[in-house]
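Only one chain is given next, in structure tokens, and it is the form predicted alone.
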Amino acid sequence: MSKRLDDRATRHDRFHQKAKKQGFLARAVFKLEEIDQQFKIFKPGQRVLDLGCAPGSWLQYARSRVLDKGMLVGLDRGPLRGDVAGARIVVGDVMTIDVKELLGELPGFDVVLSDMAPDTSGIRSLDQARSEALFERALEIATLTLAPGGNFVGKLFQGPDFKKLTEAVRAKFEVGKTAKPASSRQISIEQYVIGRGFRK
């Protein structure tokens, strides 16, 4: 598919249109909404970390669930455009960031989210390996920062280490599940791995 046709398909995608209509910054918000409805990720007043938070739709959704008393922290490689959901945005590289910088004054997070995806090369095996590395790092940060009983949601491309990584989540959480939301594009190899009830 040419880039022009791909762009047109994105513009006319029903989830893209729905996000625009509801004031969300990206269609990805509906993936998190579906995961939350199925797995009960959020509660009012929680402290949430969103890794790879641009353009900010997951932070917007998290704010709607944790409400004004909740605390939101986002990490991305560059600043977000404008103030998103009253979140504290940290600019940095997820692979090298010090978790103390993410925590700031907070003792821990109740939810860690990662919708991170690699800059895709078109080479499936390379993209899978890069996705696995990002997922492993997100899980490591979750392990270092989550409060007992906390929840984790991470994106992972299906690849050779998919089973090993999902089992790593099951080892650290009371419940470990996988999901592919309806708003994920059908051709996508992305899955979401959900951990509920972190065992500190």
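Residue positions are given as counts along the sequence shown, with the first one as 1. Note that the structure is a prediction, hence the values are computed from the model and not measured.
Although not depicted, the form predicted together with a small molecule is the subject of the following passage.
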Original post:
For Arg81, is any heavy atom within 4.5 Å of the small molecule in the predicted complex, or not?
Top reply: no
Original post:
Is the gap between Met116 and the small molecule in the predicted complex 4.5 Å or less for some heavy atom pair?
Top reply: yes
Subject >> Any non-hydrogen atom of Gly104 within 4.5 angstroms of the small molecule in the predicted complex >> reply: no
Original post:
So in the predicted complex, does any heavy atom of Ser57 sit within 4.5 Å of the small molecule?
Top reply: yes
Original post:
Just one of 138 to 146, 48 to 56, 33 to 41, 161 to 169 has heavy atoms within 4.5 Å of the small molecule in the predicted complex; which?
Top reply: 48 to 56
